[in-house]
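Next up is one chain by itself, shown in structure tokens, the form predicted alone.
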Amino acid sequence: MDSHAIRVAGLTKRFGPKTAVDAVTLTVGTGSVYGLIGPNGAGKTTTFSMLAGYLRPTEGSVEVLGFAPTAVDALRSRLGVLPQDAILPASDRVGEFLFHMARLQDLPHAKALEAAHTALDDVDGRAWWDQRCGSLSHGMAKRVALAQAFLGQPELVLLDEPTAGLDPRVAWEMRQLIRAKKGSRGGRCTIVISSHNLQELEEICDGAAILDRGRLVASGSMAELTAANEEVRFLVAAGTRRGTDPGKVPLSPIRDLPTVASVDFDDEGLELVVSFKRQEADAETVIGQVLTILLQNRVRISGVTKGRGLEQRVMDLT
């Protein structure tokens, strides 16, 4: 079986003289949660639309589950999609809508009914079965739309801004559901999320692609993008300075560690950045070594992180 759920090569989309997506090439591994990242106008939604089959590329190729996204019959029940501004049919009852969508996947009546109930249960919406879609709150409607995307346990699910406009608790619950769906179908379910919420993507994604003005500027695992496997950062308490006196950051002993490649201390931001040789040690080992030196020198520490954070990485690239 193919180890990649999505293959994109030289993907380009032009709208008249404007190039919205410019020669993007990437792959998404089967069973992963993958993010599409970038500022407004980066080409995320256009790329998403081509993956979903809503738009045809101007140049290049895109395959989902080994087929062109427009191969509707081949992808029926295997691909689920949640567009950003999905609108539910206001007059339909929730159960009726989900049942109808399941039938469109060619499920027989009994299995379609079972799939609709299961999908609604998964989003804690069992009580909404007989409610009109038009009477649902924004958060409830988002959950029903998500239930539709995961209806029938598809192999690949594309989600565009799945938590946009939700209050923090509902957004958290949606993230938990997405996390729970990862690896369903025996670990083969793949989820692609296009979102502006970088903290959310860093939390739930295994990897991501960063787009800027239509071009792919970086892609890889989340650890690679955030340098989590290359550097660790220590935030020290106010009043800490360079040096080796008690209470000051001892840079020389840290530089002398055989696992350390470079050390930098930002006096203004009070942040110590330690880059390490990943072939010789992992982040946890380096954190332990550096913390030992800092504590021996009575340096007060207010935080430790691996890498620079996805938000900082995106700001650096876009």
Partner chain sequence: MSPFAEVQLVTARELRKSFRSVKGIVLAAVSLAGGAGVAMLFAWLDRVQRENMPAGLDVHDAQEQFFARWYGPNTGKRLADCPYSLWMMLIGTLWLAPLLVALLDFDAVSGELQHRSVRFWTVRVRRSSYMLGKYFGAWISVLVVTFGMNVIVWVATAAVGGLPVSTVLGWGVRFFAVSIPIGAAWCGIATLVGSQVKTPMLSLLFIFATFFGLWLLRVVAGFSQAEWLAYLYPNIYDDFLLSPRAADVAKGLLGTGLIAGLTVAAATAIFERRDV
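Numbering follows the first chain given and starts at 1. Every value quoted in this text rests on a predicted model; they were computed, and no experiment measured them.
Same protein, other form: the form predicted in complex with its partner chain, not shown, and the subject of what follows.
Using a 4.5 angstroms limit between non-hydrogen atoms, residue 87 touches its partner chain in the predicted bound form. Its partner chain is not shown here, but in the predicted bound form it comes within 4.5 Å of a heavy atom of residue 55. Interface membership of residue 198, defined by any non-hydrogen atom within 4.5 Å of its partner chain in the predicted bound form, is ruled out. Proximity of residue 219 to its partner chain in the predicted bound form: non-hydrogen atoms within 4.5 Å are absent; the residue sits far from the partner.
The candidate stretches are 7 to 15, 20 to 28, 303 to 311, 290 to 298, and the one lying within 4.5 Å of its partner chain in the predicted bound form by heavy atoms is 7 to 15. For the candidate set 127, 237, 72, 164, a heavy atom within 4.5 Å of its partner chain in the predicted bound form is found for exactly one residue, namely 72. This chain is drawn without its partner chain; in the predicted bound form, the residue among 181, 175, 233, 132 with a heavy atom within 4.5 Å of it is 132.
Contact here is defined as any heavy atom lying within 4.5 Å of its partner chain in the predicted bound form, and by that definition each of 81, 91 and 101 is a contact residue.
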